[in-house]
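Heads up, the chain below is alone and in the form predicted on its own; it's given as structure tokens.
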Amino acid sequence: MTDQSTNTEKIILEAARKVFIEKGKEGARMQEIADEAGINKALLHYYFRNKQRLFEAVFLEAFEKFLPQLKIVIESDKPFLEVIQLFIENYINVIIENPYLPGFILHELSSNPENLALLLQQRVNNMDILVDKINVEIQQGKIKPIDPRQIIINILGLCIFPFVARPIIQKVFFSGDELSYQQFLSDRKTEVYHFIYNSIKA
């Protein structure tokens, strides 16, 4: 791929990311993305055949940025609880920066679960390390004897739910106030950590 092609693709992905954040996948239109990127629709289709492929590319771009951070956190020699805290912070931060991710995941789970599972399986290959860390903590009596997978799924669920249920939570609890809701999401990093800590401490 030439430098010009690489640059054009980056411009398209950034434009698509912006439109997807504003409109969501279903509300976004390829013409809007082309306009945002400053290119014609034919060129957009040359690089990305359809909206689904473009959305997958935007998803992977965001996910690939998150993976190195995840790898560093999981494989670090930091104390276990600090690893959990950093895991939660990084996970929530990446969703705050890419709020379309939960919607994409839910959509793929309902329409194409095998494709999503394969996509993630190929890229997330260090969860065994986190499982081993949890098992060591259990063996040393530092945390309760809980299935490590339950702990990890609890963390993921607690982090992602406020984003998946955003329309309901924002309307019911914040009267649509965007700033208050964003502060709530930021505070969520600490709240989830304390919830997990209190649920597993020996």
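Numbering starts at 1 and runs along the sequence shown. These numbers were taken from a predicted model, which means no experiment stands behind them. Here the rigid core means the biggest group of C-alpha atoms that line up within 1.5 Å when the two forms are laid on top of each other.
Keep in mind the form predicted together with another copy of the chain is missing from the figure; the text below concerns it.
K.L.:
Just one of Val136, Ile153, Leu60, Leu43 has a heavy atom within 4.5 angstroms of another copy of the chain in the predicted complex, so which one?
P.N.:
The residue in contact is Ile153.
K.L.:
Is there a non-hydrogen atom of Pro79 within 4.5 angstroms of a non-hydrogen atom of another copy of the chain in the predicted complex?
P.N.:
Because no heavy atom of Pro79 falls inside 4.5 Å of another copy of the chain in the predicted complex, the answer is no.
K.L.:
Does the 4.5 Å heavy atom contact test between Gly157 and another copy of the chain in the predicted complex come out positive?
P.N.:
Yes.
K.L.:
So, Thr8 and another copy of the chain: in the predicted complex, are they within 4.5 Å at any heavy atom pair?
P.N.:
So Thr8 does not count as contacting another copy of the chain.
K.L.:
I'd like to check something about Arg53: if you look in the predicted complex, is any of its heavy atoms closer than or equal to 4.5 Å to a heavy atom of another copy of the chain?
P.N.:
Contact with another copy of the chain, no.
K.L.:
Each of Tyr47, Arg49 and Glu97 having a non-hydrogen atom within 4.5 Å of another copy of the chain in the predicted complex: is that the case here?
P.N.:
No.
K.L.:
Which of the residues spanning 183 to 199 lie within 4.5 Å of another copy of the chain in the predicted complex, based on heavy atoms?
P.N.:
Sequence-ordered list: Phe184, Asp187, Arg188, Glu191, Phe195, Ile196, Asn198, Ser199.
K.L.:
Indicate whether Lys51 shows a C-alpha shift of 2 Å or more between the shown form and the other one, with the rigid core used for the fit.
P.N.:
It does shift by 2 Å or more.
K.L.:
Verify the C-alpha shift of Leu185 between the shown form and the other one: is it 2 Å or more after superposing the core?
P.N.:
No, the C-alpha position differs by under 2 Å between the shown form and the other one.
K.L.:
Once you overlay the rigid core, does the Cα of Lys171 travel 2 Å or further between the shown form and the other one?
P.N.:
Lys171 C-alpha, core-superposed: shift of less than 2 Å.
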